[in-house]
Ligand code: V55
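Just one chain follows, in the form predicted alone, and it is written as structure tokens.
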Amino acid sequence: MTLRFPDTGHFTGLNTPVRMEYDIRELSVEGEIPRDISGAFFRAVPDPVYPPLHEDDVVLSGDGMISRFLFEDGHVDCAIRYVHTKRFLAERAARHSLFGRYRNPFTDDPSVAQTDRTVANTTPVWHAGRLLMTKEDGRPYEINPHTLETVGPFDFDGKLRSQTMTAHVRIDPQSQEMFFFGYEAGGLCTRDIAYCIADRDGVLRSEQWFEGPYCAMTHDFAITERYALFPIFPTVTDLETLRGGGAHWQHRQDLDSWVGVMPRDGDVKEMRWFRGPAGVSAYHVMNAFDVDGKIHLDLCLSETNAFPFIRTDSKIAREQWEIGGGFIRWTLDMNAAEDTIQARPLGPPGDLPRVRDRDQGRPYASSWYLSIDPKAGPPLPGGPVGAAFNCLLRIEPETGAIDTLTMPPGMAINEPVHVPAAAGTAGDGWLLATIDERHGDTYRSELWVIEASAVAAGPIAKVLLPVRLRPQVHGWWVPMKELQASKVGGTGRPG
């Protein structure tokens, strides 16, 4: 039987399905990889096994794959495996797709009416010696970090009540607690948001529920040393639309945005809501910190939803290049009586921001995110927005200084992870990022090692790959000592 995927942007270009699991030992390297880079770069990669039930399916419905680049003594190995979710196993048994439109269970085959439909394809999360594959529409799946085999669904030993868990957790660099949330926590289209804290050993010590102003796609959030912040943007859903077979999300330009703020170790009853501008959207937060009663929330903001398929479903006729926005600082004054937000531009439009782990929730001197430079030629087609990023920015938010690495024409860069320099070593560490390059009608991939403080200088080493990679969503760096002490898979050298 020939598998025919739709001829749409969600299944062509960089989004063309690869559908391969593999282990490759000893990848070729150009240049020299610093010996301090020792550990694993885990990547979440959506890659559909079967053509979808509906032609208008989107890249975000792709089956989750966990990918790993293992660095040791200047050598690099790679591997990738499908996450064996209940959805994946059901479709593998049937040998065809059973689940319908993106996040709409009313369009599924009746045989899977009670089956967990998450694909666990968004972020590999490492905490307390465990590797979790997450997607915000369900609970995570635990993965053996040494073999990439799926352990199974993860619910914190039965303690997690929320039906969902965000793909964007925040880990405090001092306490090593993991702060996270789940929206639609009580079920489809509910306004319920569960705010959770797991201690440094991975034990769920707190779960509190509150209601958002409306049921919204709440993709990311932030912590400071004192507060937890919940940005709410008007990409909304309702049961009537879903029951009619419609799209899960519609963006509303007329609805206000909001930021809920509470003491991060306090009670949700202490939540205070700040009103933001109408119609705006942000998928990812760079960082947040509080100083003298003011909270600064730095995020990648756009004037409408950045995903074309959501704008289409919302009847918003706006092309990708027409969307304004930028890297913006929202300031919330906790001492003021007003619920207003002050905004200040920090940098050009972009997304997939990254700070050092040690800067989480604290004032920070520099950070990184991706953008598109139109002077570098048309971006490669791919990813959920249909256009891949072609430049990496290092930005100092307080000084406004920006350092830029622009890809040559026909190349794209994925979200980087930061690898800190060894203790007592000079320098700011490195960034690891996969690169895509078009060659005629085909693509090839590399992994670049970039000095974090000198991105414009380009890579100091390139890891060459004999297989094409799918665009990742998010990644995570795990040092070798932590990897060897994992709670699943035993100790010793991974591989």
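Don't overthink the numbering: it's just position in the shown sequence, from 1. Everything numeric here is computed off the predicted structure, so don't read it as measured data.
We do not show the form predicted together with this ligand, though everything after this point is about it.
When you look in the predicted bound form, the only residue of F180, Y82, Y283, F274 with a non-hydrogen atom within 4.5 Å of this ligand is Y283. Checked against this ligand in the predicted bound form, the candidates V125, L229, M217, C78 yield a single residue with a heavy atom inside 4.5 Å, and that residue is M217. Residue heavy atoms within 4.5 Å of this ligand in the predicted bound form occur in exactly one stretch of 128-136, 261-269, 154-162, 327-335, and that stretch is 128-136. Proximity of V473 to this ligand in the predicted bound form falls within the 4.5 Å heavy atom cutoff.
Using a 4.5 Å cutoff between non-hydrogen atoms, N414 does not count as a contact of this ligand in the predicted bound form. In the predicted bound form, at least one heavy atom of Y102 sits within 4.5 Å of this ligand.
When contacts are judged by a 4.5 Å heavy atom cut-off, L60 counts as touching this ligand in the predicted bound form. Contacts between 307-321 and this ligand, taken as any heavy atom within 4.5 Å in the predicted bound form, involve only F307.
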